[in-house]
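As structure tokens, one chain now follows by itself in the form predicted alone.
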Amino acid sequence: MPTKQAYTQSEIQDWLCCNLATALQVEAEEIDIQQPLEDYGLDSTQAMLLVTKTEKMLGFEVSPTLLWHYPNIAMLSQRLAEESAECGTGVTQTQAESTILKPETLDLSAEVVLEPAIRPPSQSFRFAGKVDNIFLTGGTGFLGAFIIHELLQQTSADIYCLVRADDINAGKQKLQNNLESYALWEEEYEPRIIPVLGDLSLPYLGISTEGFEMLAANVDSIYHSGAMLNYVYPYPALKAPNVLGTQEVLRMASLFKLKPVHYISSVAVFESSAYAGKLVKEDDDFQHWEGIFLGYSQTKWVGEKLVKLASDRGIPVTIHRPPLIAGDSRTGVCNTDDFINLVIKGCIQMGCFPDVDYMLDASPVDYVSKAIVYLSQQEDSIGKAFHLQHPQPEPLSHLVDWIGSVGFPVEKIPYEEWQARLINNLSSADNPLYTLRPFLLERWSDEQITIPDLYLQSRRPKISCEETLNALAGSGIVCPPLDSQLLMTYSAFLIQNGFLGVA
């Protein structure tokens, strides 16, 4: 850290406005210091870069969660000015950190409230093998693009895709650009992709009452893949899109005619320490939320509980729980902004990986999307949950050995040594770990554990996918092994698009 000096609130405020504008690629004059930071829609990487730059300028560590516990730039700059004054007068870092607002303890069970009016109409649900109209959220995301592609191939339905855009043409272009970025766009399917302007975080999904009711009356099934994925935002900042948005999807499912909801959840619902080392099956209930400290994971726990409540009321639901998702096993196409890819790239640039007990259970995105669409078309899947993590995970050490075997000079070193290099040796934002450093080093929850600690095998549940594999038997959908052929497919794509240098 640079030499500490006291900065005024005005100086910090101007600095934050300038750097937030840079991150969002807008003019500084467009930043409103009273507007909630969460409204700017920063992704995890942008948020971490802002934290890292702030630390460098102020000369002391800044908790990533601080950005959202002080809801706007005016309040945040005031808090950071107080912190700057304390550090400038010789207060130790430990003393200064003790004044930083820590996340309040949430009772997630109290958040599980589904509006009483959201319940099925009087008629009972009858499963239909063929559907004409599908409503889908999350179509501008990574998995969402592959679900669209699979639905276009496996059904003849029109797909109404919720999208944030200024107008219909912009929404259509946004969906097309996303499909093109993952090599999935096919011109012949263009008439069947219909943008619906809206926003997950708003009542009725940001759709007019008339438009919402029209969709509810005409769509035959719903795929809810949309969510704000941000590892820095606390629960309150993610509640509107991830929890209340799910409630609005369930409202649509129950309005006028009963429609099945295929909900894309996450294995993150089992991140409570209560499940550490325990076997978790698809039909196991998940009551424990204590120890889930990432805001995103908390919203997925509450969101899935809402879906369960809807199921108890008679709304037909299917739950799909993917893990972290890897690239396309056929083409290697992946989301290069994905947390795993950024960490792997950063470790290769550092020349070392931490020697830790991690298991790689990420499933290829094409396996996940094919499984979701196939299972959603099976009548006996209604009311069930499915686990889509890799059925044959491999130790992280195998990946590191393979990376070394293809020419990248990397070594495995003790975690403490790797962490020390992360703190002391990185000085350039060219390495993704430099940007992610505040997030990786932040200590969370009463246990004061870091994110790398969270993924140790001793803290992870053993997630069974036996029932899922049985349900997929005979479909031809098989998760490819994490072998050298798959790793070569992934690395070839990452090298060809310039994400990784040539070994």
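The first residue of the sequence shown is number 1, and the count goes up from there. Here the structure is a predicted model, which is why all the values come from computation and not from measurement.
Only in words, not in the display: the form predicted together with a small molecule, which the text now covers.
Undergrad: In the model of the complex, does each residue in the set L143, K174 and L229 place a non-hydrogen atom within 4.5 angstroms of the small molecule?
TA: Looking in the model of the complex, the three residues L143, K174 and L229 all sit within 4.5 Å of the small molecule (heavy atoms).
Undergrad: Report the stretch among 310 to 318, 379 to 387, 265 to 273, 404 to 412 that approaches the small molecule in the model of the complex to within 4.5 Å, counting heavy atoms only.
TA: Going through the listed ranges, the match is 265 to 273.
Undergrad: Going by heavy atom distances of 4.5 angstroms or less, which of P432, P260, P234, G139 would be at the interface with the small molecule in the model of the complex?
TA: Selected residue: G139.
Undergrad: Using a 4.5 Å heavy atom cut-off, which residue among S225, S221, S77, Q298 comes into contact with the small molecule in the model of the complex?
TA: Exactly one residue meets the criterion: S225.
Undergrad: If you check in the model of the complex, is L162 within 4.5 Å of the small molecule, heavy atoms only?
TA: Residue-level check for L162: yes, a contact with the small molecule.
Undergrad: Is the gap between L200 and the small molecule in the model of the complex 4.5 Å or less for some heavy atom pair?
TA: So L200 counts as contacting the small molecule.
Undergrad: Is Q419 a contact residue for the small molecule in the model of the complex, using a 4.5 Å heavy atom cut-off?
TA: Contact check for Q419: no, nothing within 4.5 Å of the small molecule in the model of the complex.
Undergrad: Wondering, does P323 line up within 4.5 Å of the small molecule in the model of the complex on heavy atoms?
TA: P323: yes, in contact with the small molecule in the model of the complex.
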